[in-house]
Ligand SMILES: Nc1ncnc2c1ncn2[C@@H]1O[C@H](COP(=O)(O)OP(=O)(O)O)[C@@H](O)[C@H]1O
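This document starts with one chain, in the form predicted alone, laid out as structure tokens.
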Amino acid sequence: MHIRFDQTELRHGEHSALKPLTLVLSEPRIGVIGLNGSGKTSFARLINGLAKPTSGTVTLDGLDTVKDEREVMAKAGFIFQNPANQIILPIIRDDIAMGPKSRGLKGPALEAAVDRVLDRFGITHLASRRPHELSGGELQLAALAAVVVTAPELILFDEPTNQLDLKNRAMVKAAIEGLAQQAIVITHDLELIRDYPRVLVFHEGALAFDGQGHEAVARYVEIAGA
């Protein structure tokens, strides 16, 4: 998928959350890093239409995130920083089934789709569990399964390894690496994106660096003064 920003700006009153930005993204794995308030989350939310540009445009394979909002949201899934906030139904299997069911899938075809995605992420044993019974990593996988089952072409992750222990972090990292979909990962976990082919570094609402992962991490460390 080609994601294009064309002189795209996002303002909140007098504050520019994202300064005018022009670039094209097409790599299978893209990292986004920066200090808190740097503009990285605003950037990500513009991609799938959760935020609307104040000026300029964002397009996904030619689809405008404002004019073609429904088509864009079908193409781009989003995993929030706290996945528990997007698991709506009390049973994991029912929550995963909700997306394809809303699109008309039913009966054996619906059950088979849910079974496949549960198996795909190794969480079949969690199907009848409730969200509060899951670990942080399991919640991330359940939220990811609920997105993947709707067959998006792009998945955006907001801090997917935040506050996870080593075991759960490894679980989530492997799941992202194994995706067939294009993935954009917003994170403070520098090791997660160090080997990505492209990483964007944001600072004070502007793109400060755009390059390979290890180079981007070095630039971020300079900015952070670490």
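Quick note: we count residues from 1 along the sequence shown, nothing fancier. Note that the coordinates shown come from a computational prediction; the quantities given were computed from them, not determined experimentally.
There is another form of this protein, the form predicted in complex with the named molecule, and it is not shown here; the text below is about that form.
Novice: Name the single residue among L35, V66, A170, L50 that comes within 4.5 Å of the named molecule in the model of the complex, judging by heavy atoms.
Specialist: If I apply the 4.5 Å criterion carefully, the residue I get is L35.
Novice: Just give me the single entry in L25, L21, A17, V217 that has a non-hydrogen atom within 4.5 angstroms of the named molecule in the model of the complex.
Specialist: Checked against the cut-off, the match is A17.
Novice: Tell me, please, which stretch of 190-198, 173-181, 36-44, 66-74 lies within 4.5 angstroms of the named molecule in the model of the complex when heavy atoms are compared?
Specialist: Result of the contact check: 36-44.
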